[in-house]
Ligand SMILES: Nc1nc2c(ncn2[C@@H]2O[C@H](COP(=O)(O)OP(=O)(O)OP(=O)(O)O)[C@@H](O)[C@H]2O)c(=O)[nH]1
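This document opens with one chain alone, in structure tokens, the form predicted on its own.
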Amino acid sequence: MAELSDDEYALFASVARSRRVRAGEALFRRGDLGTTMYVIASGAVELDFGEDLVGKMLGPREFFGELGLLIGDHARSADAGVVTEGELLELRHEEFQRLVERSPEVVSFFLRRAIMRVVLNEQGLIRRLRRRNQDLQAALDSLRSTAHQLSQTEALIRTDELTGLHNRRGLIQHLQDRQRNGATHGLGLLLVDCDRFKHVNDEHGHLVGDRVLQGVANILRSVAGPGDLACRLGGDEFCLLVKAETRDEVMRYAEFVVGTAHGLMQMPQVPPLICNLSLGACQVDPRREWNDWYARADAALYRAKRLGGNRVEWQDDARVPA
């Protein structure tokens, strides 16, 4: 679908350059090199692909020319002409970079749709125009490169830069995927907090504090199995979502994490490479949402901290099932 959502259109319009166009005006020709993407604010534009290919009539909120923006100096595959007087929004690389920095989630979703649309269009061209196979193959190579870059960008958006674990955005995406696939049964949640982490930062500095956080991340990464998810929620707070059918299974994970950190603390280390950990644990109720799971694990974590830390506390769901 070539039409932008409300969020996408508002975001693009906030940085794009406005251009008034007249009926009959040519925007570009097939074979022209271009680096600009267009969004129709009002009026209509026709794309003519030539030969035996069906043209396209585009209206408000629809976009075209995105390959020029994503790849750079891309040879246009159609003639673009204005059918009805109106207004276009023009986006070039510098404006698009500002969009990525301002709202990476909206841009990531747009890029996935745009790449999918382009891939489908190119596949149709291959079926109809075998004799242009070399040119189309070059276009597909460019698309693969762009898709790879997109994949890397999405991975960065979901990853905590310091530890390499998922960040909160990555966690939410993971949970949405699980809920979409009906895969939220038989899970346990561990909420992890570093004991006296402020003391580490104050006494040894933030570089040492960063190494301690990386040490905690390594413990969680070593515990996480296929399908599990280790995440840094922010600061010195982490979580681990694990496949576990019972309380005992969840607690085995939790006690291993606490015990491993405590064991490493017994080794001579100046400055420190790890700290003791407090954990709150609970079973995930698939009928409820993340905020509920978090609240239960957080209540247990608060108890663990209040009791001196370096321990695990469990939280049952005391409420009446919905």
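Since the model is a prediction, treat every value here as computed from it, not as a measurement. Position 1 is the first residue in the sequence shown; the rest follow in order.
One more form of this protein exists, namely the form predicted in complex with this ligand; it is left out here, but the text below deals with it.
Here the chain stands alone, but in the model of the complex its contact with this ligand, taken as any heavy atom within 4.5 Å, falls in 187-195 among 187-195, 219-227, 248-256, 112-120. No member of the trio 13, 87 and 102 reaches this ligand in the model of the complex with any non-hydrogen atom inside 4.5 Å.
Taking 240, 244, 213, 91 one by one, only a single residue has any non-hydrogen atom within 4.5 Å of this ligand in the model of the complex, and it is 213. Contact between residue 164 and this ligand in the model of the complex is not found at the 4.5 Å heavy atom cutoff. For residue 108, no non-hydrogen atom is located within 4.5 Å of this ligand in the model of the complex, even though that partner is not displayed. In the model of the complex, none of the heavy atoms of residue 173 sits within 4.5 Å of a heavy atom of this ligand.
Using a 4.5 angstroms threshold between heavy atoms, residue 180 stays clear of this ligand in the model of the complex.
Using a 4.5 Å cut-off on any heavy atom, the residues of 220-245 that reach this ligand in the model of the complex are, in sequence order, 232, 235, 236.
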